[in-house]
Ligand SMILES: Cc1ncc(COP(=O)(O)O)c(C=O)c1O
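Let's start with one chain on its own, the form predicted alone, as structure tokens.
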């Protein structure tokens, strides 16, 4: 069935991404090569201020793996934002952009002892940990640091659940915390309810685990650091609640589960801060027919899994697509440019695109500021990596 598409003077922009007007204006005037990611730093600043307002007294640690562009780091540094680092290279990069060591958290729970020592020498004092052997490294190389035990939180309502590679159960977590306290380390807890989380209630179960862990470890009388983790969503094709819904659920959970504890709060958003700031413009390189397939029209674009859209693998992250081409629309499979057969963005749920779309036309992917440039290959199949411009 054909559907009507807006005119080329009135490109439809998905709700929530209209804030990235700077990125859209830049792309309207840009004549450089595609694919290109335009970043609107005003959106990043707005998201940061909104989060600080929604969760007062909570220190924000930006998960820089989402987008480590120097302009993003400089902006967040100027606003007083901290950094959640996954490696010593990220730690060094954060320090180079003026982030104070006390505002850097080393969130990767599995590290070489030499990497813990490197971080400690740089002044880092916050470390996530989820295994006794990793606690040994902190005891040996980070005396006086704070060990935040990572719990295995349920993330079933997230686009990317993170429930297996990291985190541990309550009993093991309590044992780690007790031993860390006995060794003279500061103590606390952290968790991650999954990336692009759509259910605000996901935090409540994790907070219940924190309460059980603190009680079982016998550290309820100590000052504790609680890192609420990541998971806050950006605005994509599949709808999610607004920030207030998540903040309200988190604050209610804290009041219900952790009342009376001496807590210092942190949170480590990634895509929430930078996702909606980014718009990718791509060029259509071919529109072809594949007879006999459930959706026979295939639209090939010059950005794919290997140019920064790896999160579209399995169609877990669905970017809103727009174009200025007018006329009726029909379903199309959207695929990337490489010769890799996995380089398909949307086939299980084809995208309605104009019937008139042809080679040389442009398509925009909204909400694409997170995990795109940081996941772009250096030249798979000889294709150039994603170009990035600050709007």
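Numbering follows the first chain given and starts at 1. Predicted, not measured: the structure shown is a model, and the values here were computed from it.
This next part talks about the form predicted in complex with the named molecule, which is not shown.
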property: Partner-proximal stretch of 264 to 272, 290 to 298, 206 to 214, 87 to 95 relative to the named molecule in the model of the complex, 4.5 angstroms, heavy atom; result: 264 to 272
property: Contact assignment for the named molecule in the model of the complex, among 162, 254, 219, 237, heavy atom within 4.5 Å; result: 162
property: Residue 65, heavy atom within 4.5 angstroms of the named molecule in the model of the complex; result: yes
property: Partner contact for residue 107 in the model of the complex: the named molecule, 4.5 angstroms, heavy atom; result: yes
property: 4.5 Å heavy atom contact, residue 196 and the named molecule in the model of the complex; result: yes
property: 4.5 Å heavy atom contact, residue 278 to the named molecule in the model of the complex; result: no
property: Partner contacts in the model of the complex for 195 to 233 (non-hydrogen atom within 4.5 angstroms of the named molecule); result: 195, 196, 230, 231, 232
